[in-house]
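Below you will find one chain, with nothing else, as structure tokens; this is the form predicted alone, and questions on how it binds or moves follow later.
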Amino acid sequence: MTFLPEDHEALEEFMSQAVSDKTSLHVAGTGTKEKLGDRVTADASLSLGRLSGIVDYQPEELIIVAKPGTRMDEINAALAEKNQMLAFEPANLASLYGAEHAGSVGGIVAANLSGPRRISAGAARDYLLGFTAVSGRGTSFTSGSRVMKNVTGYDLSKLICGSMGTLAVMSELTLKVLPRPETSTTLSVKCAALAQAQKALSAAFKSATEPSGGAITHARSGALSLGDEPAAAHVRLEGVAQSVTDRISTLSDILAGFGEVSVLEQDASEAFWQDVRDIAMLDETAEQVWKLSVAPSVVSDVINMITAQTSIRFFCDWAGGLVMLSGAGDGLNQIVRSAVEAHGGGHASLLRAPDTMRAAISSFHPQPAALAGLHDRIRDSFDPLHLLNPGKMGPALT
């Protein structure tokens, strides 16, 4: 059974009945991220595909209000007409998951998907001003407002982002938007190896040039295979044309000490960062795709430990703090997560794998007991019967 509400009232009525009947629900937007996270086993499906449309857009106030099933291409088209954007640069994972489009705005927020500009502008959770939702108790609630400086009540936006639909079902959300940069340019420097490329990015981000993106790829092709092969560090500069020109000069001098510097003009720069954002540099046919979050200073050590045991392809974003990695084999899970734990900890999340593997291991990095307990207590507060997307974020402790 699949329920497709078209307004908040219908959603609230259905959720209330589901709680009364103790009916577990598989909650989804347009279904493009079905394989993001662990597998859900539920009694019925709740699709938000018809709960869609832009409710309000005020370019002068830098806000957009939309229903969760609104497709991202509709959101992006509306913003582009006013030369504005979602600053957290949400990824289009259509190629990764074999989807026809980039999905819905509710899915982007629920997964807290943030792209290359995350390192300078913040994550999706930093741009969700407020929302209306129905909790797993079957009751409606509203959080936040249409302004940034709102300190009334709890900041539930930070909880709902990344909760993967396990706490509540949104019926409307308000996002802050920003003007698009006048121009975008990328400086690339060829380095001897991954470690040197990361040091180049570190030097760039320590400078006063205000980079909005920092990535590492192979010096000649998209993805790296080893940590000790030639690598290229890429630094994006955005803003007013004259300011960008001045910062290019300053940053070129800084990066010259690491290798040969070249410049990607706007069209090439935007195409490059779109590939980074959408994980397009990895083989679309790869058996497994992993997302590693580590301290940038140890990224070379993590990669060297992994490549000493297995073959992979990878590239780095967020100045080396984010590694997108592809590979194969039943043992890759243990290799990747052990390497992360051995170098200060972090997260290794499985973005794509065969169904048999997704059934055997969790997509999410194991949490320490105290943190896992806090996670479960929060969920119990919103959804005490665990009716919403059961299993999506792994099994509960209780």
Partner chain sequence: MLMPAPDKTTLSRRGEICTALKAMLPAGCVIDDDATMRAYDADGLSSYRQMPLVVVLPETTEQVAEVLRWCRDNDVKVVPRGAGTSLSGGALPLADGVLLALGKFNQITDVDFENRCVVTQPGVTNLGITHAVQDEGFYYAPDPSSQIACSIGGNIAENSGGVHCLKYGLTTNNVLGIEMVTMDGDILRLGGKHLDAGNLDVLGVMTGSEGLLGVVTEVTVRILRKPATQRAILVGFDSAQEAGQAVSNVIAAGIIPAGMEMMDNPAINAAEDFVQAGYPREAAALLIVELDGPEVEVDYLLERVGEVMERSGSSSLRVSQSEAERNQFWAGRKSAFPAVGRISPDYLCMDGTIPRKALPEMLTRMSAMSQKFGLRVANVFHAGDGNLHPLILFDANVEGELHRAEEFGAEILRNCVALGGVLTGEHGVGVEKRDLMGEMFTEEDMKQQQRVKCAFDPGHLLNPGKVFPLLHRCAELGRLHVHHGKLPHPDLPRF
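On a predicted model such as this, the values are computed, not experimentally measured, just so you know. Residue numbers count along the first chain shown, from 1.
One more form of this protein, predicted in complex with its partner chain, exists but is not displayed; see below.
**Q** Between Asn304, Asn112, Thr183, Gln274, only one gets a heavy atom within 4.5 angstroms of its partner chain in the predicted complex; which residue is that?
**A** Of Asn304, Asn112, Thr183, Gln274, the residue with a heavy atom within 4.5 Å of its partner chain in the predicted complex is Asn112.
**Q** Here the chain is shown alone; which of Gln288, Asn76, Ser252, Ser202 has a heavy atom within 4.5 Å of its partner chain in the predicted complex?
**A** None of the other options qualify; the answer is Ser202.
**Q** Does every residue of Thr30, Gly331 and Arg352 put a non-hydrogen atom within 4.5 angstroms of its partner chain in the predicted complex?
**A** No, none of the three is in contact.
**Q** Work out which of the listed stretches, 163-171, 90-98, 262-270, 277-285, brings a heavy atom within 4.5 angstroms of its partner chain in the predicted complex.
**A** This holds for exactly one stretch, 163-171.
**Q** Does its partner chain come within 4.5 Å of any heavy atom of Met85 in the predicted complex?
**A** The answer is no: Met85 has no heavy atom within 4.5 Å of its partner chain.
**Q** If we define contact as a non-hydrogen atom of the residue within 4.5 angstroms of the partner, is Glu61 a contact of its partner chain in the predicted complex?
**A** Glu61: yes, in contact with its partner chain in the predicted complex.
**Q** Tell me, yes or no, whether Met72 is in contact with its partner chain in the predicted complex, where a contact means a heavy atom of each within 4.5 Å.
**A** Answer no; every heavy atom of Met72 is more than 4.5 Å from its partner chain in the predicted complex.
**Q** Any chance Gly144 has a heavy atom within 4.5 Å of its partner chain in the predicted complex?
**A** Yes - in the predicted complex, heavy atoms of Gly144 and its partner chain come within 4.5 Å of each other.
**Q** For the stretch 14-31, I need every residue with any heavy atom inside 4.5 Å of its partner chain in the predicted complex, listed N to C.
**A** The stretch 14-31, when checked against its partner chain in the predicted complex, contributes Phe14, Ser16, Gln17, Val19, Ser20, Thr23 at the 4.5 Å heavy-atom cut-off.
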